[in-house]
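Just one chain is shown here, as structure tokens, and it is the form predicted alone.
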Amino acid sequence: MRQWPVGAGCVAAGMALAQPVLASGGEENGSTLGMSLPLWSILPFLGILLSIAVFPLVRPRFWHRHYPQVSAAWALILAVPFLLVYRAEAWHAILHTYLLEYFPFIILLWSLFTVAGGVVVRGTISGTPRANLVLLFIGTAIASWTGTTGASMLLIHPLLRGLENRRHKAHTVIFFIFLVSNIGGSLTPLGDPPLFLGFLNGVPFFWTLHLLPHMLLLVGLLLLIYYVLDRRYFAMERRDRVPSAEVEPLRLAGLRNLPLLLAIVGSVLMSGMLRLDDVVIGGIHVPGQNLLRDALLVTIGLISLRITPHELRAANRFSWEPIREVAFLFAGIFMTIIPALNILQAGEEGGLRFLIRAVQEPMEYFWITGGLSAFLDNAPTYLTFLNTALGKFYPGVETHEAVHRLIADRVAILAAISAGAVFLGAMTYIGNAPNFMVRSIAEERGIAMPSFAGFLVRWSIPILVPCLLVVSWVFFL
């Protein structure tokens, strides 16, 4: 099964559309289909990524008016020949993707977006380097327990309020994506979808705390870089700043939404623990607990809309445009990514066999798992390389037992797969679900965020990658 972390990740494994691939038979069908799909079938996926990267730069007005049509066009470019050639197999793969992955993904994001949008931090938020650093630290600290999407949706509004009187803003949002929307979710299965999948496949719930040293080193490096950078920008802006006439103490409004956020976490966690009868929709077996979870999430969102005064959402400058943009663009991404993920799941029998065969040492597991997670879906990528390691070292051994042997004998490999899938989700806007959502909310508030390529070339590669190299050298060499 493929999930977008809320990370992807998201509350409760971020995107925890979290049930094992085998729960619906998706892995077996995906592997069979992936064996026959040519590698060039991923071209529509590359096309939609290029559209997201290029159109906002060269044709911004066209893009903002017509991005739903662009997304639909790429989806159709893939879907029509896919259905004509593979017929029932293709229909099954498409229906499986939307019923088990896309709709739960959007429902979870919508509920988090709705509920968190009703929590308002009132009072004076200074937006100074020290205040921003504290907010980034708090978000990173809670992301493993609320999920990366939950932490992102809860804290992005106060962060942006603090930046209102700042001239340089985009860099703070970018580091927020790095830290709160991704890296902070690495300590529990609730933090990001790959870790939740690992938990469902036998990794002990608290084993992921073994990633604490990795996370602390990476977070420490990034926070240091951010603080130096933000102090420099702040010093440049200081001459233009007008001191506030009155400083108001901080206080929270909309507190009745906080229990609803906990209810979202509980609903997603429940869907990973409870086992109900499947419901067959169009030949796809949808686990009953998933339908129950989605119904609860919709209900929670509607309750939030009902009990939250309009003025609180207005104070957060709440708008439906960010969730609308994510819904349309990811509808196309989920369609066009089907060939890439099926080929990946085919392992050594698919067109990406050269990557599967390349992984031998922890360093290779870290970078290959992470590199694919940055552009594909980190949940199936994690599962693919976990199964690759289990099959390589413990062929024929039952999954849960093999996982425990891997922890006992080759724990660095599991740590490399886990850290790679979570940390490198921060590399691109599509590496984890909250990344794109945070960007959309920031742009809705008038912040000029970098393009898809700009985020990767100007920020991820020169700042995040060197920090990741340090982490991989210290822990996986």
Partner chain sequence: MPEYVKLVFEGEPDVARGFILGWACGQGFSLRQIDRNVLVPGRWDIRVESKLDSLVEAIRPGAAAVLIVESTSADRVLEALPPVADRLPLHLRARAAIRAAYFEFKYEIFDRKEAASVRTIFESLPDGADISDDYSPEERSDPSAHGAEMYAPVHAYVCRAEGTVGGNLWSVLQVHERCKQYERIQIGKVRLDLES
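If you're wondering where the values come from, they're calculated on a predicted model, not measured in any experiment. Numbering follows the first chain given and starts at 1. Rigid core: the largest C-alpha set superposing within 1.5 Å between the two forms.
Another form exists, predicted in complex with its partner chain; not displayed. Remarks below refer to it.
Enquirer: Within 4.5 Å, heavy atoms only, which of T128, T299, T399, S319 is in contact with its partner chain in the predicted complex?
Expert: After the contact test, the surviving option is S319.
Enquirer: Since exactly one of R167, R238, R353, R87 fits, which has a heavy atom within 4.5 Å of its partner chain in the predicted complex?
Expert: After the contact test, the surviving option is R167.
Enquirer: Run the contact test on P38, G47 and L372 with a 4.5 Å heavy atom cut-off to its partner chain in the predicted complex and return yes or no.
Expert: Judged in the predicted complex, none of P38, G47 and L372 sits within 4.5 Å of its partner chain.
Enquirer: Which of these stretches, 445-453, 38-46, 417-425, 404-412, has heavy atoms within 4.5 Å of its partner chain in the predicted complex?
Expert: Only one stretch passes the 4.5 Å heavy-atom test: 445-453.
Enquirer: I'd like to know if E325 sits close to its partner chain in the predicted complex, meaning any non-hydrogen atom pair within 4.5 angstroms.
Expert: The answer is yes: E325 has a heavy atom within 4.5 Å of its partner chain.
Enquirer: I'd like to know if W74 sits close to its partner chain in the predicted complex, meaning any non-hydrogen atom pair within 4.5 angstroms.
Expert: No.
Enquirer: Does the 4.5 Å heavy atom contact test between S181 and its partner chain in the predicted complex come out positive?
Expert: S181 lies outside the contact set for its partner chain.
Enquirer: Please determine whether I52 contacts its partner chain in the predicted complex, using a 4.5 Å cut-off between heavy atoms.
Expert: Residue-level check for I52: yes, a contact with its partner chain.
Enquirer: Hey, which residues along 370-384 are within 4.5 angstroms of its partner chain in the predicted complex, non-hydrogen atoms only?
Expert: Result: D377 alone.
Enquirer: Aligning on the core only, does the CA of F199 end up 2 angstroms or more away between the shown form and the other one?
Expert: It does not, since the F199 C-alpha is displaced less than 2 Å between the shown form and the other one after the core fit.
Enquirer: After fitting the rigid core, is the C-alpha of S451 off by 2 Å or more between the shown form and the other one?
Expert: No, its C-alpha moves less than 2 Å.
Enquirer: For I48, decide whether the Cα shift between the shown form and the other one is 2 Å or greater, given a superposition on the rigid core.
Expert: Yes; I48 is a residue whose C-alpha shifts (by 2 Å or more) between the shown form and the other one when the cores are overlaid.
Enquirer: Taking the shown form as reference, are the C-alpha positions of N316 and G147 brought closer or pushed farther apart in the predicted complex, with a change of 3 Å or more?
Expert: Closer in the predicted complex, by 3 Å or more.
Enquirer: Closer or farther: how do the Cα atoms of D230 and F318 compare in the predicted complex relative to this form, given a change of at least 3 Å?
Expert: Farther apart in the predicted complex, by 3 Å or more.
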